[in-house]
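Given next, in structure tokens, is a single chain: the form predicted on its own.
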């Protein structure tokens, strides 16, 4: 059965007030279009989990969607602070839990494997254990040093952006990969946005690139340019100028709300957002082609 959906319908069906969300992607393939639709639908009291919140969670917090954030590194990558999240955390208006990068991935991996927790070696982030009671130590049952354990993280919804998917949700990703696979298998529901919807035959021709299988996907949505201002390898580059712009405007509450009004609430969908960016930005973000070589998966006839 086809899992194709519009993005508004997918968010309406699968994202509810009070849910724990994991919007995946590491610098790359960050699902900004889905975040904007969640803002438009005025979801509230969300727990936002993500290894690197990036400005996607700054925007959602600015719109009043967030009750709590679960994270490791928190910053505007290559620029500085996430000013909205920092203000809310420092004022006590936003609950928070902090982990190391590896701690966040360990939590997702535990959930993906159907385990209540997973062990990890103590890391340089040992001070986190002093302030986060989720960090526990247990003896190595085989006689080695104690290990740190962290509980599984089961998001209600994981949202991923991918380069291409078929109508059943089988998805190809390439370029820098983050925790997309772990998040998809850890979550109770999964929404995909895709640059392209392709036939099942295209997916089957390159099976090793199928990082997300359709069996864990709840809905798949055709949303080109859904990752801007992050990037989608082979489709458009990262908009570094936007990340710099966000640093300035997110420190000014009036400018911040004006941006949300103009770029989220006033626009019906991602196509309108991309059109509003204009041809100059489109041209600046167009990557030069670098095709991958073909692979022969030949076998027995």
Partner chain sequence: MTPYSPSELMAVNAARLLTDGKVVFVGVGLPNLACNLALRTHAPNLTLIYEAGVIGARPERLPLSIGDPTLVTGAAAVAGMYDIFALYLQRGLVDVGFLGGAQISRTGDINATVIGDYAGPRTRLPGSGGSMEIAAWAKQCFIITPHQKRRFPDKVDFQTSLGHGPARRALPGRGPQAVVTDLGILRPDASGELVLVALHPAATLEEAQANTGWPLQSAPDLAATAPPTADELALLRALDPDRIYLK
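None of the values given here were measured: they were computed from a predicted structure. Positions refer to the first chain, counted from 1.
The next section is about a form of this same protein that is not shown, the form predicted in complex with the partner chain.
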{"property": "Site check 156, 208 and 210: each within 4.5 Å of the partner chain in the model of the complex by heavy atom", "result": "no"}
{"property": "Partner-facing stretch of 256-264, 228-236, 270-278, 61-69, counted where any non-hydrogen atom is within 4.5 angstroms of the partner chain in the model of the complex", "result": "228-236"}
{"property": "Candidate from 197, 216, 134, 79 lying within 4.5 Å of the partner chain in the model of the complex - any heavy atom", "result": "79"}
{"property": "Partner proximity in the model of the complex: residue 47 to the partner chain, non-hydrogen atom cutoff 4.5 Å", "result": "no"}
{"property": "Touches the partner chain in the model of the complex: residue 188 (any heavy atom, 4.5 Å)", "result": "no"}
{"property": "Residue contact check: residue 167 to the partner chain in the model of the complex, 4.5 Å heavy atom", "result": "no"}
{"property": "Contact test in the model of the complex: residue 75 vs the partner chain, heavy atoms, 4.5 Å", "result": "yes"}
{"property": "Residues of 1-39 having any heavy atom within 4.5 Å of the partner chain in the model of the complex, listed in sequence order", "result": "26, 27"}
